[in-house]
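Below you'll find only one chain, the form predicted alone, shown as structure tokens.
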Amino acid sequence: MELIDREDHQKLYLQLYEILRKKIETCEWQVGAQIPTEDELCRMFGVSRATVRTAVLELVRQGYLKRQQGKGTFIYRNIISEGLNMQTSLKELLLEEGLEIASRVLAKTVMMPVDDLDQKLDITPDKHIIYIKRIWTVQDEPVLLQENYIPYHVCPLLLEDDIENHSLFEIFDKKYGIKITRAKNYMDITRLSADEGRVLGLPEGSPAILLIQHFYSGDTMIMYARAVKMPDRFQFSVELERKVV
């Protein structure tokens, strides 16, 4: 049986999630079968009930498991074995491949949540937020202005890191043991504010592409990002891979 590796920086519930998911996808646990109880899973993998509950809830959310009141939790479906699975790699930015992209930090600070940032980050209004504002350039030409918001408790020493020359994903993973496992991306058209226009070298009110991104580790919100991009320079790119199983 695959075991939890406590020397791995990955959170325990994510390790357990992957172990249980593999059991379902490889048909070691058959569709319709009842999975072990929380107490049994705790003993099997030497983890707490909270760890088991978080991993199981994520499998329920993903459609692998289904809970039946008063009966237990059952294998609902083997997602991969049912057909085609569309996958894509997670990226901090969606700018097209092959570009020599550089970033420059315009602002970084710790702040209290304003407007509805506490809701976007799924935190209480009294919790602090790390704020990072960066301009992304291609061949010294400003292309995209990005603002990142991260709950302070997720990585309290983040502003001491070299965020200009290293991806936030890389810092999350290597320093804090946080793996970004899921992202939601939304695109729209917006009008540049005076400050955004000044940074991008465009008049206030100019049309721009708006990119909103929510990054998660499991069900935990790790970062909310808002970016505005010049509409006529370079493209956003999302590459999907369809795998036949």
Partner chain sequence: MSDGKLAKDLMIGIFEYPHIPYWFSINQAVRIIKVSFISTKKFPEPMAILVFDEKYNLMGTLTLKDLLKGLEPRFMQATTKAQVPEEDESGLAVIWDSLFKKDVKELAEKPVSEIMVPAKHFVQPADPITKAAYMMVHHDLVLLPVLENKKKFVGLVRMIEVFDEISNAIMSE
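Since the model is a prediction, treat every value here as computed from it, not as a measurement. Numbering follows the first chain given and starts at 1.
What comes next is about the form predicted in complex with the partner chain, which is not displayed.
Q: Among the candidate residues I163, I123, V154, L106, which is the single one with a non-hydrogen atom no more than 4.5 Å from the partner chain in the predicted bound form?
A: Of the listed residues, the single hit is L106.
Q: Can you pick the one in I171, I101, V143, L159 that has a heavy atom within 4.5 Å of the partner chain in the predicted bound form?
A: It is L159 that has a heavy atom within 4.5 Å of the partner.
Q: Among 135 to 143, 171 to 179, 112 to 120, 68 to 76, which stretch has residues with heavy atoms no more than 4.5 Å from the partner chain in the predicted bound form?
A: Result of the contact check: 112 to 120.
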